[in-house]
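Below: one protein chain in two forms, given as structure tokens, structure 1 then structure 2.
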Structure 1
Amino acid sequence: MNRGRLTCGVLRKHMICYLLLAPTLLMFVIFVLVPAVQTVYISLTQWEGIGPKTWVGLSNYKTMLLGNAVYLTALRNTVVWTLVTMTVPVAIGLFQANLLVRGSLPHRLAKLYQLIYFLPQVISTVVAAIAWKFIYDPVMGPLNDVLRVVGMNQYANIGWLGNPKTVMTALCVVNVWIHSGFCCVVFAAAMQGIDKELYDAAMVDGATRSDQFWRITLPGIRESMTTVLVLTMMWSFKVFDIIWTMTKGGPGQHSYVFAIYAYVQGFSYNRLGLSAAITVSLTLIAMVFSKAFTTIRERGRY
């Protein structure tokens, strides 16, 4: 009898848990799972967005992968963008945060610098992209004028966004400028939560500033580092607005990433099947990156 009552109590608790989770699960099914299944189905069809869909199997994937230089360009640019986003802004933000928290700046001045560093994150990405597009302008922009003033005339006549050799570097600079402040603020908050007695004990033992950084600071912000890396990886795979506002994928297709490639195929050429196939391939690549990052992160935990 007692065992039966215990079983009923456990089942009742489980039912309550399932009822509480049901709204979130329903939203996940409607807004994530169903669209994902629809995207995979559309990638196996030929569809112009209106009218019936024609089943073509893996034809869109063959078109995407076999002898398609544009796809390879988008793949290369997406990977480069992801690697840059997950390293350069994180490194700059870590350096800035360590300087602000562990440096000799007054507390109020450090807070002001954090606000200044974070401002690019607050500004609309489109507004920031328009401003940087003006900066890079070869005729009206100030960048080339500054290069002439400092004597770097060999670089002063470059059309930064119109040159296939420099366009991705110029775009990555804008991306680094936007995201470095976010990394700085997150790391600074995490560093302020580290017990100061650890640093005092390290100083008594004769540890240098470098030793304190590697032995105390980095282990102390491990969780925040993971959060920042995951967020920057997510942002890098879905990047669209910066590149579209500044170059629209040009010159030619030299600044294409997957999001722009899928958008152009879907909404400029009405090839929704091919666009969906590109989106599916992006999802798979993102899953590979996520799995690799998770594996490395878990191995480094122990």
Structure 2
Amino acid sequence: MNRGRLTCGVLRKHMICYLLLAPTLLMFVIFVLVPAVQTVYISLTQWEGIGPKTWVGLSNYKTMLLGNAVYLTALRNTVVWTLVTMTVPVAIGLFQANLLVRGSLPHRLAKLYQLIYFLPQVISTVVAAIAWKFIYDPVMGPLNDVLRVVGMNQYANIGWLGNPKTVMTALCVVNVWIHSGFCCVVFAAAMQGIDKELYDAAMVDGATRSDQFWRITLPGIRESMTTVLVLTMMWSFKVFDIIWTMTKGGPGQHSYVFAIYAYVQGFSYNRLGLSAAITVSLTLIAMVFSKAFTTIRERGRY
């Protein structure tokens, strides 16, 4: 009857647990909850980042939502970015992990490959972005030189980051390069935990490699898959560093995502209220996506 209810007895019994949790809770309150509430409050004011704030109610939200083409551009780009960078690194990571764990590579070589795949994750994102910016440079970058050498001259004069048709793809490639190693390592670890006897039994029953992948490997790494997808989704929604370092949202506003839009409004236009409103909307959208995703996953489980 009393299960789940906080009584003095229960509190005393689990005191050590609550005490151990307290510092984390305190940190959460100070560094997450209070700033989050402050952001909501700022979104209801007009503030230039200095001096007093003036209460404007929902005015910033109206500005943001009503007939604002830039907001729609940012929304579209954020959704595209999230879909691409949530699925492609996961697919590549899955493919790599399957090759490393289920392939016939010697153990040491497989470990070495894992390390190589994971390296981009270790490099600072800004450093990686600067390096890729150089690679894409239309005049001095090596990418166009390589294209020229292999005879693809029609593509060799493209300013990859300055062309509205290629900019988002070019940016997505960098993100995929950074994150697929992470997916690979997580999936490889999960795959190693699957009972080998399942594969042996499947082979006895005549299952092909493909059958084994779909019926044993994938269900076996379901939990890791959920974790990776939710994490990459969150990283994708809040992306800022790669895009800011490489294009600052340009050319024009062709690579604007929410975080860039919020930053520019907040720190170039001194519209911290509108910037906070954009951030709140980004958080809400991310929460809805995240909840929808986990709900679908939970339903699929039972």
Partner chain sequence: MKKALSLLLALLVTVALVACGNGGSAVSQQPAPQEKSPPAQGGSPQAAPSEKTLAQQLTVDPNQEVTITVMSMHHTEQRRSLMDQNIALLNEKYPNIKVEHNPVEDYINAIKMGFDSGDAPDIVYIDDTTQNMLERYDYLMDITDIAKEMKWADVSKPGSLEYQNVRHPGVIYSAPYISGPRVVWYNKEIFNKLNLNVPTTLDEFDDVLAKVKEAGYIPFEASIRTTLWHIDGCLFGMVPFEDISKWYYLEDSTDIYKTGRKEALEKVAEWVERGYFREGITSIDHNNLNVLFPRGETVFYVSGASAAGPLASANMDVGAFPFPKKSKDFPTTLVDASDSGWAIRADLPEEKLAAAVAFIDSFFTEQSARLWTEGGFVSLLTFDQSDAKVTPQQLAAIQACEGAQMGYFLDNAAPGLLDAMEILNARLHLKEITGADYDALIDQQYEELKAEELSKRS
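Please note that residue numbering is based on structure 1, beginning with 1 at the start of its sequence. Keep in mind that what you see is a predicted model, and the values were worked out from it rather than measured. Just so we're on the same page, rigid core means the largest C-alpha set that superposes within 1.5 Å between forms.
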Query raised in the report: Given structures 1 and 2, which represents the form predicted in complex with its partner chain?
Result: 2
**Report entry** C-alpha of residue 150 moved at least 2 Å between structure 1 and structure 2 on rigid core
**Finding:** yes
Report task. Align both forms on the core first, then report whether residue 25 has a C-alpha shift of 2 Å or more between structure 1 and structure 2. Result -> yes
